[in-house]
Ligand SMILES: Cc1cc2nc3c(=O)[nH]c(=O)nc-3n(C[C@H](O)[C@H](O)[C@H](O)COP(=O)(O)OP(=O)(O)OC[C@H]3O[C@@H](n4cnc5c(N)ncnc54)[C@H](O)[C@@H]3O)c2cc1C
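In structure tokens, one chain follows: the form predicted on its own.
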């Protein structure tokens, strides 16, 4: 039976909680099991534990706090957009520094006395009948009736010299987040095949000076190549040696054959992995693309487990993360009421 949320004092919300539980079944590699800490810790129970305290997690926490739920938010402090100097396409916050948005969001969530935020890494999780336990890197253990994963993803940047240093500044993933700032400049797309063709047509909306760099033999079809050329989009197959840049802002591409070409912005769609392995270890299904599978209301395939933000969709905007976090809070609160009413 799910419990109703209780208000706690500000002192309760801010103190560094201590806890423990029975042995955990699911742990990230290299971490101790719950049983190694259970004798010296005590378990504290919440209505909901949110793993990940960036935009989606904080939005979920605010919604649940306003629903009077007792919530624990655990965050490791590594938002995916920490490399980006400005956040865009988010009403009231357009052009703001991402860390400043998070700071303001955290301060607003902290106004709700039933919400506790702590900084740590969640390294273990298990289901205990109708509830869940999580274990932190510091050894604390907490329990809740429901879990929310708002843990995001980790981009796997290709190992080309200079590329990682430019990521989020002049090497970009999303024209809706950054395209306006680099409109009209000499732009490249690092990619091949169907992705390069589809992304080439998309980015042509922001600039007429566009080239696709396949970094090797092109796998574009003849028809795709001809259509790109008809729109003045050239395809360069030369292998890339490095991206020459100044403080993360790309200036030119240096090819393995020694030639160079100027460029001011580059789009890539890097591979990614889930920032947290625990949803999969709990049994949550994943999509073919590698995202946590959720329904339209952010429920995963495991009852009592919800997910939101970048870990569930390729739409990687702050606005979308906040939206999915708020939807999670509404769905989860209704589910708790349905269980207890």
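Residue numbers count along the first chain shown, from 1. The structure displayed is predicted, hence computed values, not measured ones.
Here the subject shifts to the form predicted together with this ligand, a form of this protein not shown in this document.
Please tell me whether the candidate spot formed by 75, 84 and 168 is one where all three residues come within 4.5 Å of this ligand in the predicted bound form (heavy atoms). Yes, each of 75, 84 and 168 comes within 4.5 Å of this ligand in the predicted bound form.
If you check 241, 143, 110, 155 against this ligand in the predicted bound form, which one has a heavy atom within 4.5 Å? Answer to the contact question: 155.
Identify which of 160, 177, 105, 203 has a heavy atom within 4.5 Å of this ligand in the predicted bound form; exactly one of them does. Among 160, 177, 105, 203, a heavy atom within 4.5 Å of this ligand in the predicted bound form occurs only for 177.
Does residue 150 make contact with this ligand in the predicted bound form, using a 4.5 Å heavy atom cut-off? Yes - in the predicted bound form, heavy atoms of residue 150 and this ligand come within 4.5 Å of each other.
Taking heavy atoms only, is residue 256 within 4.5 angstroms of this ligand in the predicted bound form? Taking the distances in the predicted bound form, the answer for residue 256 is no, it never comes within 4.5 Å of this ligand.
Indicate whether residue 245 is a 4.5 Å heavy atom neighbour of this ligand in the predicted bound form. Contact check for residue 245: no, nothing within 4.5 Å of this ligand in the predicted bound form.
May I ask you to check whether residue 186 falls inside a 4.5 Å heavy atom distance of this ligand in the predicted bound form? Residue 186 lies outside the contact set for this ligand.
What stretch, of 225-233, 192-200, 116-124, 259-267, brings heavy atoms to within 4.5 Å of this ligand in the predicted bound form? Careful reading of the contacts points to 116-124.
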